[in-house]
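Below sits a lone chain in structure tokens, taken as the form predicted alone.
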Amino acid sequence: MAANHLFDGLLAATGRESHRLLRLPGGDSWSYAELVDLSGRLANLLQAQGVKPGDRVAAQVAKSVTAIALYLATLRAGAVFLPLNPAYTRAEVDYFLADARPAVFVCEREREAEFVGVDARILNLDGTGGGSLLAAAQSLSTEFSNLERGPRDLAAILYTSGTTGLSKGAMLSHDNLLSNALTLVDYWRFTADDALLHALPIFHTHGLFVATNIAMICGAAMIFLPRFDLDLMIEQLPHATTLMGVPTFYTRLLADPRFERKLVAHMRLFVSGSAPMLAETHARFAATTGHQILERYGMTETNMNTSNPYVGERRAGSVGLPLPGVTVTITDPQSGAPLAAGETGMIEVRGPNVFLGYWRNPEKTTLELRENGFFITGDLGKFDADGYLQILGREKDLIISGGYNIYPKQVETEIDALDGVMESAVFGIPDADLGEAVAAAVVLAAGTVFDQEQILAALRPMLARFKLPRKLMQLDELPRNAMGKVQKNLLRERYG
């Protein structure tokens, strides 16, 4: 069988064919062997659909075992996996499909009629794993000869955006994903004895390329919840050894009286990321459970860059130390010159985890990926005297709410298109539950009546729910500096 760098690395552990990889609510489970067999059927189906090495396979589907098998099948077929948030509207998905040009697009069964006319072969999948995708693969062989893929070959494209509002496809290689997951298995001490409580979505780095890849590499089990559900989380915690989540998971657990020290006394590790966590949450969690949350720092373009130590001090307000093999430096945002510890500047990252560049966007790649291999993250931070990294803000106006990335320009474009709106400014404000919430300041034309519910109703068909403003305010004018640039820092200070 030809070498397929990422697939071979994920499934390299031997003697675990009957080991239960996925445990589902209700008692069902899937072994590693069963998952590999299903991925073989789906890989045969992709080939039958004309998928060739390097082709993209897009998936906008609910979390399920079949969705994980589709990811593996795409790797085996030598293709490139493109997961999309199920909350995206048709208008949002159209952009991704036009840019990535996938050969196959798998959507949710109940939404297939929305996508009639897209330039891709369409298959569907429902939340239980059924649909035309599975039906078409059912009669196909589980045996599949993996196509050869090397460390630098493209494995996945994940879309991210900048303040221009134009989404960019981050190209992640087989070794970007495998090297980072291997590092985290070792750094966070994962073994086949672990059971990871998995309540994250699988359309982004945290849930798929961190949590799922780690579990597969070391032969651990995953308690595979369809979404964050507080009752299910509390029910399943006694069966888990580890939990990966966003700060919202932890604030909601802490607010429930059932979440107490006895419930998690047996747990080995709690990891948080994808959004900043308040120091207050760290302190409350430690006081309630006796465990310290381990915070880390990653990005779509790089996977994980830094982590608080497994053994050693985990500092609230810090994302820890650079991971082995990863170099993190702080530079002057204007000159690019390195800065000393304690000085605030641009966070830059270099290592085997750093992406190949942006899909079909060499200009943006050149702007953000230096010739020496350092990626300019757009995040501002500083190192303390002990080498712990603290993130202080973002040069870009990215909002991270509940672990989801929200790019203000996209929301502003939709608000500005509404009748009677002169202009708008979208920004993040602190939120104890979500980390940040979306806020929007709106300037209306003379004679227009401000109606918050009417604005939100007009935005709902155009934007995923998590992008909708939670706070709207009307202003006579937006604050600007001498160059006419909107000063969102003043809006955050005033309304945060």
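As the structure is a computational prediction, the values presented were derived from the model and not from experiment. Start at 1 with the first residue shown and count on from there.
Another form exists, predicted together with malonyl-coenzyme A (MLC); not displayed. Remarks below refer to it.
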Only one of 211-219, 321-329, 294-302, 337-345 gets a heavy atom within 4.5 Å of malonyl-coenzyme A (MLC) in the predicted bound form; which is it? 294-302
Does every residue of 206, 249 and 434 put a non-hydrogen atom within 4.5 angstroms of malonyl-coenzyme A (MLC) in the predicted bound form? yes
Would residue 381 sit within 4.5 Å of malonyl-coenzyme A (MLC) in the predicted bound form, counting heavy atoms only? no
Wondering, does residue 201 line up within 4.5 Å of malonyl-coenzyme A (MLC) in the predicted bound form on heavy atoms? yes
Is residue 465 near malonyl-coenzyme A (MLC)? Define near as a heavy atom within 4.5 Å, in the predicted bound form. yes
Hey, in the predicted bound form, does residue 88 get a heavy atom within 4.5 angstroms of malonyl-coenzyme A (MLC)? no
Heavy atom within 4.5 Å of malonyl-coenzyme A (MLC) in the predicted bound form: which of 124, 424, 401, 173? 401
malonyl-coenzyme A (MLC): the contacting residue among 115, 228, 374, 187 in the predicted bound form [heavy atom, 4.5 Å]: 228
